[in-house]
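Single chain ahead, written as structure tokens, the form predicted alone.
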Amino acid sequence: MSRWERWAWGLATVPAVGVLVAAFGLPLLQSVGASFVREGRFTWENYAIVYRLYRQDVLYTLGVAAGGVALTFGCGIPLAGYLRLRAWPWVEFLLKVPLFVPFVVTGHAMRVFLQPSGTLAAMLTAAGILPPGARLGIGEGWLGLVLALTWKHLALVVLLLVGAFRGVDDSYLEAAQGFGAGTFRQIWAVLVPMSATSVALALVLTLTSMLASFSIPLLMSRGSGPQMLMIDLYYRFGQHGDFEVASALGVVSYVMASGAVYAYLRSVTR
């Protein structure tokens, strides 16, 4: 590539980089700066408030995101493997449906479906699994939130993994079959290791998206007990007008997401 071509490609990236800096870089720097300011002076007080009031919510957010990622990939990897080894167009079509459902609609639907006297409870009662009048508490706790986030993110994960798995040459699968490997063994011993970079990327995208979830947790929230961190940030700024503590909460969320991104970059550059 000549020098002029490098300059041309460099100039072509300027608009995209400019949008990135304006939409993300500058607000990030502003948030970081504001998180260390209280009443016009430099202080760690905002982070002390976060620790005192929201440390349980930070752990809750990490736990929900970790549980959602584990369930999403526990279901997504076998599904993607089966779609790679056996062509099921109608299954692949159904898996795309959640991609077109907004987060707000997902949150409302899951609240109705999982609430104590909701659709799932009525179905289980009609089947004789639950006694009449019994209340199902799945939708009121972390498990309902994990199920809702999993349902929303499963389609994206499966489609990303299917694309990566289809890039694995059939000769490797045929060799595994020659050694007696069944479907499960081909998925976990051939497809997953040979698509490790794509699997890691899908994991990072899913984890960061779940950490930043707002609409689904807000709609499924009981209004008491531990909350997802984005809800705390919203109320701290929107209801209390406390931009400094809200900025500290944002920085904490940046750090949590950056940990996953750093681990991914380390795995790619090894």
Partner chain sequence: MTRSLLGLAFRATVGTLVLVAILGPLTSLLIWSLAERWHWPAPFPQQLGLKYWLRMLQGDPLRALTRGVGIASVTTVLALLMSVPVSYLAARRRLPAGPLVLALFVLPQAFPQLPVFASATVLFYRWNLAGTIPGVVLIHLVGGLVYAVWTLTAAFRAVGPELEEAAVNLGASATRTFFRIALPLALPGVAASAILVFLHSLDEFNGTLLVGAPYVTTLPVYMYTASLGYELQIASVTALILMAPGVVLLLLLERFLRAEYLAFFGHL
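Residue numbers count along the first chain shown, from 1. The term rigid core refers to the maximal set of C-alpha atoms that superpose within 1.5 Å between the two forms. Here the structure is a predicted model, which means the values were calculated and not measured.
Just so you know, the form predicted together with the partner chain exists too; it's not on screen, but the next bit is about it.
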Tell me the stretch among 231-239, 49-57, 63-71, 35-43 that has any heavy atom within 4.5 angstroms of the partner chain in the predicted bound form. 231-239
Can you tell me if residue 227 lies within 4.5 angstroms of the partner chain in the predicted bound form, counting non-hydrogen atoms only? no
Going by a heavy atom distance of 4.5 Å, is residue 138 a contact of the partner chain in the predicted bound form? no
Answer for residue 198 alone: is it within 4.5 Å of the partner chain in the predicted bound form, judged on heavy atom distances? no
Taking the partner chain as it sits in the predicted bound form, is residue 146 near enough to touch it, meaning that at least one heavy atom pair lies within 4.5 angstroms? no
Please state whether all three residues 129, 203 and 210 have a non-hydrogen atom within 4.5 angstroms of the partner chain in the predicted bound form. no
If you apply a 4.5 angstroms heavy atom cut-off, which residues in 142-165 are near the partner chain in the predicted bound form? 151, 152, 156, 159, 160
I want to check residue 251: does it shift between this form and the one not shown by 2 Å or more at the Cα, with the core superposed? no
Taking the shown form as the reference, report whether the CA atoms of residue 20 and residue 161 lie closer or farther apart in the predicted bound form; the distance changes by 3 angstroms or more. farther
Closer or farther: C-alpha pair residue 259/residue 201 in the predicted bound form, relative to this form, given a change of 3 Å or more: closer
